[in-house]
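Encoded as structure tokens, the following chain is the form predicted alone, with no partner shown.
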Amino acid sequence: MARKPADQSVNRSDIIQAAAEVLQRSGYEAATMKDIAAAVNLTAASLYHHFRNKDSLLLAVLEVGLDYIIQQVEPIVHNDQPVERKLRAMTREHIIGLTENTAVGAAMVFEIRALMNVKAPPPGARPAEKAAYTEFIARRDAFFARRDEFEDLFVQVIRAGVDQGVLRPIDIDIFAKTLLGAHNWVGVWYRPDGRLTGEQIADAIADTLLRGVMNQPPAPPPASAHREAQL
């Protein structure tokens, strides 16, 4: 099949998904724009008309993944459910989203560091190159700020649980990072043909982690013990 010329329309989301899958297979250092272009039947030259370089493509992958999960989780934070139900629902949305697109999930775990290592153009670079770098850095900083906002959604609900006495007086920030870390790694080890579905994994993780922080009242003594105390 012939490759698409540069002026032929191509779905941007298809390019981003292909980039995520190539990054998952090869890693950021080994992946090339040629590999990504081939995955969507473009020439490498044509791909450069859509994305300036591999750094901008990686950032687009991460932006799309983060925007999607924020859209799923944010409404839960602001509804009227009890804290435990909110945290369970947020965990389900995050983990199911990761299991439905493990390529983007893996990029969130393994490729974030690559964003921090992007080199500035040399002093003699063309103004357009310097401007593109400045724009990229602004987008990268906005991504990290939005990632912090996503984490803060969990922090808000956890803090409300502690304030209400539903959760024990835990270190809120540490628990939020622990929760999200457990979620994120599901995208790395999950297999569609594995023993559990994404929903089952989400429920198991929520059960395990919440059980350790719930401020449950002491269980009443067994009926037999109550009868013995009366004798």
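Note that this is a predicted model, so its numbers are computed, not measured. Heads up: residue numbers just count along the shown sequence, starting at 1.
Keep in mind that the form predicted in complex with a further copy of the same chain is missing from the display, and what follows is about it.
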{"item": "Listed residue (R113, H78, K119, R126) with a non-hydrogen atom within 4.5 angstroms of a further copy of the same chain in the predicted bound form", "value": "R113"}
{"item": "Contact assignment for a further copy of the same chain in the predicted bound form, among E199, D173, D67, D163, heavy atom within 4.5 Å", "value": "D173"}
{"item": "Any non-hydrogen atom of Q17 within 4.5 angstroms of a further copy of the same chain in the predicted bound form", "value": "no"}
{"item": "K177: touches a further copy of the same chain in the predicted bound form, heavy atom cutoff 4.5 angstroms", "value": "yes"}
{"item": "4.5 Å heavy atom contact, N184 to a further copy of the same chain in the predicted bound form", "value": "yes"}
{"item": "Interface membership of G27, a further copy of the same chain in the predicted bound form, 4.5 Å heavy atom rule", "value": "yes"}
{"item": "Partner contacts for 184-210, taking a further copy of the same chain in the predicted bound form and a 4.5 Å heavy atom cut-off", "value": "N184, W185, W189, R195, L196, I201, A204, I205, D207, T208, L209"}
